[in-house]
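The chain below stands alone and is given as structure tokens, in the form predicted on its own.
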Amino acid sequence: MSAELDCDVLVVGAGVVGCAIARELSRHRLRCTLVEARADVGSATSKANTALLHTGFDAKPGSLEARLVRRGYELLSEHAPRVGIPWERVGALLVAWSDEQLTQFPAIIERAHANGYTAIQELSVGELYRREPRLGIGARGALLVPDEGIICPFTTPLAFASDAVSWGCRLLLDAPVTGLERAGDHWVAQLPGGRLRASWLINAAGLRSDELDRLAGHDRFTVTPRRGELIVYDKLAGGHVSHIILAVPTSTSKGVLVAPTVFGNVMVGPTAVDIEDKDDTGSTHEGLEYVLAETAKIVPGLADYEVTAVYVGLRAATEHSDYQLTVDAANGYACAGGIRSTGLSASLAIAEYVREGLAGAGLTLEQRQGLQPVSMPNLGERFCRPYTDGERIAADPAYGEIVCFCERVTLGEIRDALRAPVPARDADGLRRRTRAQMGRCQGFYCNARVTALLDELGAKL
């Protein structure tokens, strides 16, 4: 590696996949830089997914996605509780609402077995309603997938980025790559602040991964954003389902699901509509009406509860049915493109795959010793929160001073989020680190205080 270059490896895109790759590479003696076009990590597709930790039971057998989701589940389910990423193994019920859907169960079970997942089992109608008594009438049966889980989509990429930064990775935000060229044996990336030179370029640019791939001299796939609209119900509706309720998939969609969240809410959705604009995250009347209509069939009682939030995620769908993961050794380039909604579950395995590809391509990887992951504040409703921790409050009263009453977020948590290895820079970043303004009033009560704290505490850093 040339000492004259700015870094050995440049990772473009700080979504959950890019952050996982940066974390994996930062475990080795490399000069790693992670750049993100937006103002924060995990602030695009990664923050607006269905927040499920998938086993990969329903992936296409033999695909790279199936392999990496299965491996990613193993890695993340072990890593999450160790560092404070909230996740719960609640299990999923794939429900048939017609005799035709019921006939698809044998093929779904066969696919799960082909993917190495054998815990799937068929339930009778009586057992289904015993487990989920608030389901709508008319269900014909279900498949139980006991290991499916729910996870925090905000903490996961933030935890990966925090480790990477703590282990020496340089993080550049508000830094879109506007130009790219191959100069001899290295890359030159044009950023708003100037040029950055690297021996290796890793493309984890999500919705823009096809554009970066073309800048790197390829034309292998095109990202067509797939819009998913979701609705979050108030926490008072939290007891309506205890499992993830899945639909029998069609050739174009996995259908609308109903699931508890780690924050105590109930989430329903998503839609699946291909659009052209990669920045169009607005909800639509048609999409929300569709989600509400499907929800009324699946869990009709949810209609009696208030909606806390509506959000839209854009998935990086391509013309290919599988991930677009390649390593070009001759040009020092790796691409992690076409990573759809399973990217959260597969993230650590994708990072492992990229690292193995780079090693096989000749990159020297000397693992650093004694690295410890950053401990994250656990935002899960079922976990100990600071406002309930008497010992913590006695040691520091700031953890007993509640700022956001809907979500029980304390002054101490907001202060910590502004001092973290990857600190919050604005109200949106603070929301994803603490849950402040995520609750029933959506910041109506606490916005002024939160804004003042951002100005006051941020100025002292």
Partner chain sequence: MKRTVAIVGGGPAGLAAATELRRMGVERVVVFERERDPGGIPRHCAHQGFGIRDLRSLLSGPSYARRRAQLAAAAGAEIRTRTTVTGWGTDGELELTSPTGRAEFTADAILLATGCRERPRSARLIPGTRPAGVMTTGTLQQLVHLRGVAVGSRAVVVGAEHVSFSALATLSHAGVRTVCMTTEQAHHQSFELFRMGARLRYGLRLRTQSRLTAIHGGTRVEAVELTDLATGDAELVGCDTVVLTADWIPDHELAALGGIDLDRATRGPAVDGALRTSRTGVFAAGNLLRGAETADVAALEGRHAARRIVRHLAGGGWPQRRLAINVQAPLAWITPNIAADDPTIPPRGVHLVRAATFVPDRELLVTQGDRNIWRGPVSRLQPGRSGTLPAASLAGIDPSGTAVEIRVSSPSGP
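Computed from a predicted model, the values in this text were never measured in an experiment. Residue numbers count along the first chain shown, from 1.
The following text describes the form predicted together with its partner chain, which does not appear among the structures shown.
- With its partner chain omitted here, the record of contacts in the predicted complex names 299 to 307 of 98 to 106, 163 to 171, 345 to 353, 299 to 307, defined by a heavy atom within 4.5 Å.
- Using a 4.5 angstroms limit between non-hydrogen atoms, Gly400 touches its partner chain in the predicted complex.
- Although the partner is absent here, Leu215 lies well away from its partner chain in the predicted complex, with no heavy atom inside 4.5 Å.
- Interface residue remark: Val374 is not counted as part of the site for its partner chain in the predicted complex, having no heavy atom within 4.5 Å.
- Interface residue remark: Ala361 is not counted as part of the site for its partner chain in the predicted complex, having no heavy atom within 4.5 Å.
- Between its partner chain and the residues Ala427, Ala420, Ile393, Leu64, the one pair within 4.5 Å by heavy atoms in the predicted complex involves Ile393.
- The partner is not shown here, but in the predicted complex the stretch 421 to 447 reaches within 4.5 angstroms of its partner chain through a heavy atom at Arg440, Cys441, Gln442, Gly443, Phe444, Tyr445, Asn447.
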